[in-house]
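Only one chain is shown below, in structure tokens, and it's the form predicted alone.
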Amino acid sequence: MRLDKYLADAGKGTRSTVKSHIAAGRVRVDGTVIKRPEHKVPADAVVTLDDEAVSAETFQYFLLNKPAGVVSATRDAREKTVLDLLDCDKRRDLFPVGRLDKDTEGLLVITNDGKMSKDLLKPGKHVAKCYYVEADGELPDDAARQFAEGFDIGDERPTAPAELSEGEKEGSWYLTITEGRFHQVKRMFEHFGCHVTYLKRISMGGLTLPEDLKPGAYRKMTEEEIKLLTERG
């Protein structure tokens, strides 16, 4: 990998910024000052910037508790994005895995692992996603059965079987779905004349949102958490 790309991928600035670091003699590869941005960095090389080790991870995985009011996008000219919440050293090719509506909170994975993202989002994978829902209105007594059987929400086909259970608070529910249709949870409740007032994703593919991770907070995923998502059958 080129030295300038290595440093940029490690979150040390844009390509133009890291090139200036290199030209200033601030970068060493295996102890030797390198001033050529095109220098090829061996896989086992030790790279330092101002005598501090730099590591360009192949993939990065972050677990974010998305707050309301932030869009699930890599960039937006008007709105704050989920990537704007990450103030750590990060690669510039990160993106959110799937989308949560602007007013929806909860678990969101941010990574640059395209294969893992595609696998999680494939309809045929049936990755379970659980949401905590608060809604105005009353569901029918047989709502759990109807959710389990699937029903028409205006798409080409009925919804796939989903699991519905009552929450601890009046008017609250837990809904587990295996699809990712546009505004799906809201539309499923609207099918029964109920308006969703609060929505939060609490789990996805065996990965659960930590209770101590406040809205807007994030952390790197653990090896165990990464395996839950990358080693699915």
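Worth saying up front: this structure is predicted, and the values here are computed from it rather than measured. All residue numbers refer to positions in the sequence shown, first residue = 1.
Only in words, not in the display: the form predicted in complex with a small molecule, which the text now covers.
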item	value
In the predicted complex, the one of L83, I153, L100, A135 near the small molecule [non-hydrogen atom within 4.5 angstroms]	L100
Proximity to the small molecule in the predicted complex, single hit among H39, H183, R28, H191 (heavy atom within 4.5 Å)	H183
Contact at T104, Y131 and L199 by the small molecule in the predicted complex, all three, heavy atom at most 4.5 Å	yes
Per-stretch contact check against the small molecule in the predicted complex, the hit in 45-53, 183-191, 166-174, 30-38 (non-hydrogen atom, 4.5 angstroms)	183-191
